[in-house]
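First, one chain by itself in structure tokens, the form predicted alone.
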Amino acid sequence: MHRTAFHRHPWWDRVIVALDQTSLLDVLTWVERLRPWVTWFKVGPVAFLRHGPALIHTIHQMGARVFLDLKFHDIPSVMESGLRAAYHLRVEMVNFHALSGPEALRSLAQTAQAWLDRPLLIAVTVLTSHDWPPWDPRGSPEAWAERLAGWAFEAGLDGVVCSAGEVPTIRQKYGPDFRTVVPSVRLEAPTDDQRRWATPIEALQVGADWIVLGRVLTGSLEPMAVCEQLNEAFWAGEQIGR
């Protein structure tokens, strides 16, 4: 059955839109335009360095949730301080590089343990711009993503950032409650620095808990039309099953 764009598919709750614009007005305009569809927005280093905590407060006031994507990677005490700062901003999700090591990841989980309203703690495995791990030329991104996910799982974190191709193995090994956030989601093969990519339907159907969309929407001349097309594709994707 054909469903109109006004019948919003539940998968939209699993979409995170990346806000990378340099103008504060542009950032907030995108939040306002996409808010009927999207509940999550990702604030990365460029947006945060330009606009600071005020941007996060404003997004919250607009009724949306924030994934703070600063990819902390430091000694354990510095990462703990970063986590506390993120907690005071009341973000709903924050990430850290898993390569900081098991000790650092355990310290993060222990720091947040007493917080009833803590953010989701997510570990970055292998960046999707890598088609091989630069720290291990003989390794594979898939093997390293699985290994780093294991460190995060054993430390007590909530999940990982990984490519869509790594989701099935990670879910099988660490269970459905261990969350996966999938970046490098595109409608067609990318021509930029992304290597390991998937379409929105592919990423959601393999079990991604969240997918990150950036230029797919914010780089489009007709973003509302893209939202409508994705909505129709989500309904069609659900019909063919997972």
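Predicted model, so just to flag it, every value in this text is computed and none were measured. Start at 1 and count along the sequence shown; that's the residue number.
Heads up, the form predicted in complex with ligand C5P isn't pictured, but that's what we're talking about next.
Engineer: At 4.5 Å between heavy atoms, is residue 214 in contact with ligand C5P in the model of the complex?
Structural biologist: Judged by the heavy-atom cut-off of 4.5 Å, residue 214 is in contact with ligand C5P in the model of the complex.
Engineer: Taking any heavy atom pair closer than or equal to 4.5 Å as contact, tell me whether residue 98 reaches ligand C5P in the model of the complex.
Structural biologist: Looking in the model of the complex, residue contacts with ligand C5P do not include residue 98, since no heavy atom lies within 4.5 Å.
Engineer: Contact with ligand C5P in the model of the complex for residue 161, defined as at least one heavy atom pair within 4.5 Å: yes or no?
Structural biologist: Because a heavy atom of residue 161 falls inside 4.5 Å of ligand C5P in the model of the complex, the answer is yes.
Engineer: Check whether residue 85 has any heavy atom within 4.5 Å of a heavy atom of ligand C5P in the model of the complex, and answer yes or no.
Structural biologist: Because no heavy atom of residue 85 falls inside 4.5 Å of ligand C5P in the model of the complex, the answer is no.
Engineer: Of 179, 51, 186, 33, which residue is found within 4.5 angstroms of ligand C5P in the model of the complex when only non-hydrogen atoms are counted?
Structural biologist: Looking at 179, 51, 186, 33 one by one, just 186 meets the 4.5 Å heavy-atom criterion.
Engineer: Just to confirm, with a 4.5 Å cut-off on non-hydrogen atoms, which of 170, 91, 124, 121 contacts ligand C5P in the model of the complex?
Structural biologist: Going through each option in turn, the one that passes is 124.
Engineer: Residues in which of 24 to 32, 200 to 208, 66 to 74, 170 to 178 have heavy atoms within 4.5 Å of ligand C5P in the model of the complex?
Structural biologist: Partner-contacting stretch among the options: 66 to 74.
Engineer: Would you give me the residues of 10 to 35 that have any heavy atom within 4.5 Å of ligand C5P in the model of the complex, in order from first to last?
Structural biologist: The stretch 10 to 35, when checked against ligand C5P in the model of the complex, contributes 18, 20 at the 4.5 Å heavy-atom cut-off.
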